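The chain below stands alone and is given as structure tokens, in the form predicted alone.
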Amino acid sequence: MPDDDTTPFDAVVVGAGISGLAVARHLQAAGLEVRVLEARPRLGGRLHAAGTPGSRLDLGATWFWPGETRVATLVEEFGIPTHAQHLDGDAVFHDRPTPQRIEGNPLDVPSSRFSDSAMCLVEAVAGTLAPDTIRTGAIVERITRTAAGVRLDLNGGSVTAAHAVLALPPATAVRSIHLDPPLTDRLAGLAANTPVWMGSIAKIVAVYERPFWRDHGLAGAAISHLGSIREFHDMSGPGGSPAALFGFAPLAAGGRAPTPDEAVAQLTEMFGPDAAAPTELHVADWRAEPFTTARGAAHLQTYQTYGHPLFAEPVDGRLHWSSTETSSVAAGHIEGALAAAERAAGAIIDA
């Protein structure tokens, strides 16, 4: 592996979420020298989980759907255990003083989940990379484009390369990294106004001794127009173990995430007294993750910008976009993150 300070890499990837890791894997398979810089002390970005290996539960991305071939290919290649989203039972709807039971489950659709969380996918892809490819705790502060390539200035040193890949949400990239020379007004505006997927929600995960809602003929699916948590789903592992419910609380309007007590109170109101005693409760506020949602980006809601053609065009042939928001395929999904990685890596390999 080249020395960071003296020998340029073929490409430096900013962000070790699944898209950044996939870019690095494609490039290394093509024989290129790659460095991945991750600001956090962990890998995975929005593929993040709570718990211990074997029974982890997703705090970020959870599902993948039929027809998402890139995810399916990796699942098959690495033998990653998956299971179907639980669908059976009735749903709950709350828009009047007491929640109402709805026959059937009109909220969930057939989909799959990683049985030990989406971290399995992160770990599998990261495990294919050459030793010392990834540097954590590396905060990129400036990227300078030159005729010869790019220079990335970090919180500790600098790195040079022929290409740089921004594998983080565009709105976060342009708010947290000084790009020199500046992007065109059109591209800068597009990036700055593209919402961060999950960047304005809190995800609440409640773990229980057993999936009690199934005993009552409920699917674990619910919609609330009255509480801070607006939708709920069954998040249990295969066979109902570990047993868990999760919900989304939208925060784009500037509200705060529910406290654990508030979350339990709403779960109890929606699913009955058995919901009052979770064995674990996690509140993941993605708006408060600065390396996912930069300051000033949580309010963005213009999702029509996802997959914009400008994101497919390398800036000066050197700076590439790779995040699920920039994908023209399955934007917002894990599949979209992998498709964006495929595109960015392909452009670098072709160059």
Ligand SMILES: Cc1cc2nc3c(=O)[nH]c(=O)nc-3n(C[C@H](O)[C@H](O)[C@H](O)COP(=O)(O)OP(=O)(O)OC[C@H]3O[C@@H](n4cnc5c(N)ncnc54)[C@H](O)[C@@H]3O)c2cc1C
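Small disclaimer: the values here were computed from a predicted structure and weren't measured. All residue numbers refer to positions in the sequence shown, first residue = 1.
What follows is about the form predicted together with this ligand, which we do not show.
Contact annotation: of the candidates 119, 140, 174, 263, the single residue with a non-hydrogen atom within 4.5 angstroms of this ligand in the predicted complex is 140. Contact annotation: of the candidates 125, 159, 198, 206, the single residue with a non-hydrogen atom within 4.5 angstroms of this ligand in the predicted complex is 198.
This ligand is not shown here, but in the predicted complex it comes within 4.5 Å of a heavy atom of residue 167. Although the partner is absent here, residue 308 lies well away from this ligand in the predicted complex, with no heavy atom inside 4.5 Å.
By the criterion of a heavy atom within 4.5 Å, residue 14 is counted among the residues contacting this ligand in the predicted complex. For the chain shown alone, residue 46 is a contact residue for this ligand in the predicted complex, at least one non-hydrogen atom being within 4.5 angstroms.
Contact with this ligand in the predicted complex, defined as any heavy atom within 4.5 Å, is confined among 296-304, 319-327, 49-57, 27-35 to 319-327. In the predicted complex, 323, 324, 332, 333, 334, 337 are the residues of 319-351 with at least one heavy atom within 4.5 Å of this ligand, listed from first to last.
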